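One chain comes next, on its own, written out as structure tokens in the form predicted alone.
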């Protein structure tokens, strides 16, 4: 028999991930911070909407959370009316948010005292991949918990990797997002320099795509940067949060990461320019401001 799934968080990513679970036929109960949102979503996807995270836990064998940050994860898992207060032996929590390894380890320790297991399973991939169920999912935690969660994870992702002990999924995720931010920053700077020096940007894209300077960011974000279209696929504020988490770990381990530090400064400047909720392609605005050149 399939385990009953609870899903906490129906934002841009979570709503699409939960929809794939529903389409796969899992018995699903859901909750959202936004009043009324869970009920509307449940009506559309033949799921059950509940009013509190603890109620979701009471109706589930596995609870998946996909929210913004560590503070929200602590609230829904450990706060008043949180999952921990269902305190049902054998419950498994799968957090797919990006919260950093320290927060994941702390949450796991608190839940363990209630007899609740926990794995961290952050994802990479933006809205189109969430909708298409082709996310990459990196999991930290015990092997038996990974195997138990795998049928649900397989409905949401194409690449699912058990990367090590608890917190290691988070560690890999924040490193990966710091690399993505550094690549996006370099792309924005390259576009502005090419434009300022008179290079045709179509030629820039064609030639760079064929050389060693190509990247996923070049294919995903060039059009958005050139068109100044910041329709959110991954918000600037969220990427900035992830880069900061990575740099915290870099300091902990004594490893310099200057490319991530530079990306953090550009992202922070972009947030200060009013683009916190815009797609991170908006960092082109900060590069243009520094250069005094608009592409």
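Positions refer to the first chain, counted from 1. Just so you know, these numbers come straight off a predicted model, no measurement behind them.
Just so you know, the form predicted in complex with another copy of the chain exists too; it's not on screen, but the next bit is about it.
*Want to guess which of 107-115, 73-81, 210-218, 144-152 is within 4.5 Å of another copy of the chain in the predicted complex, heavy atoms only?*
So the stretch in question is 210-218.
*Mark residue 269 yes when one of its heavy atoms lies within 4.5 Å of a heavy atom of another copy of the chain in the predicted complex, and no otherwise.*
No - in the predicted complex, heavy atoms of residue 269 and another copy of the chain never come within 4.5 Å of each other.
*For residue 262, is any heavy atom within 4.5 Å of another copy of the chain in the predicted complex, or not?*
Contact check for residue 262: yes, within 4.5 Å of another copy of the chain in the predicted complex.
*Would residue 56 count as a contact of another copy of the chain in the predicted complex, using a 4.5 angstroms cut-off between non-hydrogen atoms?*
Result no; residue 56 lies far from another copy of the chain in the predicted complex.
_another copy of the chain contact at residue 103 in the predicted complex, heavy atom, 4.5 Å_ = No, residue 103 is distant from the partner.
*Since exactly one of 30, 246, 64, 67 fits, which has a heavy atom within 4.5 Å of another copy of the chain in the predicted complex?*
Exactly one residue meets the criterion: 246.
*Identify which of 92, 172, 133, 86 has a heavy atom within 4.5 Å of another copy of the chain in the predicted complex; exactly one of them does.*
Contact with another copy of the chain in the predicted complex is made by 172 alone.
*Let me know which residues along 167-205 have a heavy atom within 4.5 Å of another copy of the chain in the predicted complex, or say none if there are none.*
Residues within 4.5 Å: 168, 171, 172, 175, 176, 177, 179, 180, 182, 183, 186, 187, 189, 190, 192, 193, 194, 196, 197, 198, 199, 200, 203, 204.
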